[in-house]
Ligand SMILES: Cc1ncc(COP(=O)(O)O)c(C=O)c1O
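Just the one chain here, the form predicted on its own, laid out as structure tokens.
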Amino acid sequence: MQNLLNPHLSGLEEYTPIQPFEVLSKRLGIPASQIVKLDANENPYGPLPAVAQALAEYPYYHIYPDPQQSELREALSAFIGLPAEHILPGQGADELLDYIGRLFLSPGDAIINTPPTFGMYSFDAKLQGAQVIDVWRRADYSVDVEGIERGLGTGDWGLGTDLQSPIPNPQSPVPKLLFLTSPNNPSGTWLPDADLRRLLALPLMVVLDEAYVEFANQPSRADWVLEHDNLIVLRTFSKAAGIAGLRLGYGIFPAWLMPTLWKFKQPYNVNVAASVAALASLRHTDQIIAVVEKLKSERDRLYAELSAIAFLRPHPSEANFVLCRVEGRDAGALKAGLERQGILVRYYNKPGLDNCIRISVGRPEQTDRLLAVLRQL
């Protein structure tokens, strides 16, 4: 029966997610209330009180959701100041990434990826049998715009893992999609306007993931979609709104693509609870902004305190996390030592992220506990 599977799936590498909270609590033998979870860039303040109230009072969970998400799209339109006709909600931005991959890619096609970055872009491309062309970020984690432009012009792409010496491959297919994240995960790096304009001048679709844009000291580029037929912007309720567990994201798409998306998407892809939570959040955006400002202030404090720890080299961040290179000791052992104390951080040891940890911004008391254990270690 295995011979009936699509052959390109045989070598697919499984995506590695963060372990569930309750699993970690049981494995560590530490009550969930005592765990400081700073490994998945979640909002430590959770959803607004109005969200819990709205979910408790909603009477129609036995009715299928609106397949057009009309009320939600109108509320999102008012929130971002763009026509609802350009907005499509999804079961997290991950579902929209899957849609984009299936709409544009077939076996033999290619995407441009800019590692180190979010792993779902390459994962979704490989699901469709597409090739992933990695144009590595520079040492400061900025996008190598010149490398992307040169590759499109010559077919010579950097497919190696050495950031300074890419391996030419003239046989690479012409890519259809370019995936960008701003602020980038896991580095927190902002993509400047000038760089984005240069990349939008290229003959491919640009997907700009703005999952962390609320934490940046820069504005969203969602309104650029109205001016660029090759731009898609993705946003989420997981971070700033604190409802990651309900899985709700949305995309701002060019007008020409929307009719195809409406035919393509699953009719009931956004569940009722997620819509109720999002609408309640959008009625209290002032409270969300207040939480975001607290997290930005705490991020700045976290960065300053981490900079004073001799074995850490934190990277400046525009997101709700700080990436740190560990010097003079093993980052995996450091992660394990923190975990034994009930503090969870993300560990990396791969090209561009060798011997690194990423620390999500928590509440002040969580930062204090993290810093105390780091100093002890």
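Heads up: residue numbers just count along the shown sequence, starting at 1. What you see is a predicted model, and the numbers here were worked out from it, not measured in a lab.
Quick note: we don't show the form predicted in complex with the ligand, though the next part is all about it.
K.L.:
Give a yes or no on whether each residue among P116, R325 and C356 has a heavy atom within 4.5 Å of the ligand in the predicted complex.
P.N.:
No, none of P116, R325 and C356 comes within 4.5 Å of the ligand in the predicted complex.
K.L.:
Spell out, yes or no, whether the shortest heavy atom distance between A93 and the ligand in the predicted complex is within 4.5 Å.
P.N.:
Contact with the ligand, yes.
K.L.:
Tell me, yes or no, whether A277 is in contact with the ligand in the predicted complex, where a contact means a heavy atom of each within 4.5 Å.
P.N.:
Looking in the predicted complex, residue contacts with the ligand do not include A277, since no heavy atom lies within 4.5 Å.
K.L.:
Is the gap between L177 and the ligand in the predicted complex 4.5 Å or less for some heavy atom pair?
P.N.:
Outside the cut-off, so no.
K.L.:
Please check if S187 has a heavy atom lying within 4.5 Å of any heavy atom of the ligand in the predicted complex.
P.N.:
Answer no; every heavy atom of S187 is more than 4.5 Å from the ligand in the predicted complex.
K.L.:
Can you pick out, from H86, K126, R247, R137, the residue that has a heavy atom within 4.5 Å of the ligand in the predicted complex?
P.N.:
Contact residue from the list: R247.
K.L.:
Of the residues L302, I112, I252, A211, which one places a heavy atom within 4.5 Å of the ligand in the predicted complex?
P.N.:
Of L302, I112, I252, A211, the residue with a heavy atom within 4.5 Å of the ligand in the predicted complex is A211.
K.L.:
Given that the partner is absent here, state which listed stretch (252-260, 197-205, 75-83, 93-101) has heavy atoms within 4.5 Å of the ligand in the predicted complex.
P.N.:
Result of the contact check: 93-101.
K.L.:
Where, within 229-246, is there a heavy atom within 4.5 Å of the ligand in the predicted complex? Residue list please.
P.N.:
Counting only heavy atoms within 4.5 Å of the ligand in the predicted complex, the contacting residues of 229-246 are T236, S238, K239.
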